[in-house]
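Here we start with a single chain on its own, the form predicted alone, put down as structure tokens.
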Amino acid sequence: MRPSGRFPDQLRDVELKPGFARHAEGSCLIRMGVTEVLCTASVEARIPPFLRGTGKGWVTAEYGMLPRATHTRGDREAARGKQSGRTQEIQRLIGRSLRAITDRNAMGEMSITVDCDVLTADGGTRCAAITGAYVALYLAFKHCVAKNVLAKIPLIGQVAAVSCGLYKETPVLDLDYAEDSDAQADANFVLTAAGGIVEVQGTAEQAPFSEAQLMALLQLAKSGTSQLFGAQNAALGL
């Protein structure tokens, strides 16, 4: 039995609230169980120096956790003067995931930064951030089309992410903190609606896991992201 009482192939309750932030061109509050992440997409008429003159746009992300996103207060990274390695790794993952489904040639020389701020953490924050960031990015592009900045939304796919793991030797979908902290193995899958794999991050926490177990986790991830794609489309009215 999972601590939450869910079936092995059952997602936590998922809620996507588009347009949650008043000022951002695109935004989405995503809840997966207790985990909550606010994703805001900001459009800027500038690009990094290495892209100047290429005609290409840029999509990137930043990630952070509020001090009381967890049970005890954590210091703000700004107060420490630098980001942790974990934060840098996660925000790079989010940026890669969004660029994988964006036609940057069709953007022209503009940038979109998606800020993903964790309000409450109960496992799977990076996966929730990627899933919510897609909705925020879509809405930011939609805003640009409405303002005649772009002729059409320059997305060539849809992306979402979910965690899977081996909990008490059983492959399970969408780990919460109780499971993640006691799992024999855990993995994050970033997948596209067309069936593509953007990234897989897998780690054995105890004994190595087998290829068959990895494939079982991948099948769970495909099932989970299929549901997340549906939730994204429903939030966007598609």
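Each residue number is its position in the shown sequence, starting from 1. These numbers come from a predicted model, not from an experiment.
The discussion below concerns the form predicted in complex with another copy of the chain, not included here.
Taking the partner from elsewhere, R68 is found to have a heavy atom lying within 4.5 Å of another copy of the chain in the model of the complex. The closest non-hydrogen atom of V172 lies beyond 4.5 Å of another copy of the chain in the model of the complex. Proximity of K82 to another copy of the chain in the model of the complex: non-hydrogen atoms within 4.5 Å are present. In the model of the complex, another copy of the chain sits within 4.5 Å of a heavy atom belonging to A78.
Taking a 4.5 Å heavy atom cutoff to another copy of the chain in the model of the complex, the contact residue among C144, L98, M107, A121 is A121. Along 209-238, a non-hydrogen atom within 4.5 Å of another copy of the chain in the model of the complex is carried by F209, S210, E211, L214, M215, L218, Q219, K222, in order along the sequence.
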